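Single chain ahead, by itself, as structure tokens, in the form predicted on its own.
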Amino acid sequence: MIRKNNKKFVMHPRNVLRTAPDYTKLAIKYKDFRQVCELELNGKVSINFRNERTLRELTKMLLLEYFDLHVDFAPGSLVPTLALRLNYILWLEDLLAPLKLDAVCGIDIGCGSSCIYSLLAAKKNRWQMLALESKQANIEYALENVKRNDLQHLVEVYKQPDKQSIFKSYFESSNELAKEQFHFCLCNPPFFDSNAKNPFDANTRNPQRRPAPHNVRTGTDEELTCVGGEVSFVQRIVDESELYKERVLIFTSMLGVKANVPKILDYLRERQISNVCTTEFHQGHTTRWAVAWSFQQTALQIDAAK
């Protein structure tokens, strides 16, 4: 049975960014952020979301202001949108809440240079996180971000030797934690199909219903593209989830294109995986979707909305 969150066009009720930040006050407080702000005639500051440097300083400032996290990004790497990442973490909290776990262990598939999901999960919830990454530059920054925030006891950054492997290389390694059971995995898969003629020009939204996003696109080709795009990537997660169904309690992934949600649901259905639920993440003009599936008997529940 597929369960879906039907709450439309609202940020998660526990998301601290549901109330818009006062950028004028924050610009006064944070020098580096102030330097990328634009001063309006009324004395308030505005943000140029089309500028990559501005996005970097904005995300760094918000992480510091709301979570006391000091984070840096590899040059040219993906700059995560904090509101979206928080929505994902909060949804995972809702999925895990009925289990009443004393401790939670999760897997971050493709943590990037920021390692933002793992840092948020560890800092906010004290979850034990395994951050998987294959790109060396991202690994170096991720390790430094973990160390800078004194979270080495909660976050392990693991270099994946095989880019085509999701869980296999870690689960079959000699690492002691590789024998542990994980309660969830999360993933922000590469969005675009690298085989497309113009992978970054794909039209994925109805402009009459969903205005163009404000933010400039950031990230390397390796972070943003893969063969077959996000559908193929998530299908690989599904394939490996069948091999390691006893190792991870709840498998999840985000999707950037609404039309890809039924494709993943069909793929799960073909494999007779029926314990499935979906949700939507809303933040500004941007909407993302997510799917969760489990091989356990306990039915996945929709967002608690608490």
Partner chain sequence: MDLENNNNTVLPECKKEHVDNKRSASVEENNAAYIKRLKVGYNDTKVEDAHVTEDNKKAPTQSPKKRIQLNNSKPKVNKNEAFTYGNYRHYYGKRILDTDFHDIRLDMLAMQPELFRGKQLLDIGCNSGHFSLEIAKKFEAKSLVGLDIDRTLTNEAQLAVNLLKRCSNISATTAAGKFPYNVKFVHGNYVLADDVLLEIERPQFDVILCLSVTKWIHLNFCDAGLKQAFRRMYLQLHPGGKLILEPQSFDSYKRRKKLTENIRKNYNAIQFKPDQFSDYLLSQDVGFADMQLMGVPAHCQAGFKRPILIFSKV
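Numbering follows the first chain given and starts at 1. Predicted model only: the values in this text are computed from it and were never measured.
Missing here is the form predicted together with its partner chain; even so, the following discussion is about that form.
The stretch from 23-31, 55-63, 242-250, 267-275 that comes within 4.5 Å of its partner chain in the model of the complex, counting heavy atoms only, is 23-31.
Its partner chain is not shown here, and in the model of the complex it never comes within 4.5 Å of any heavy atom of residue 48. Using a 4.5 Å cutoff between non-hydrogen atoms, residue 259 does not count as a contact of its partner chain in the model of the complex. A residue is said to contact a partner when one of its heavy atoms sits within 4.5 Å of a partner heavy atom; residue 37 meets this definition for its partner chain in the model of the complex.
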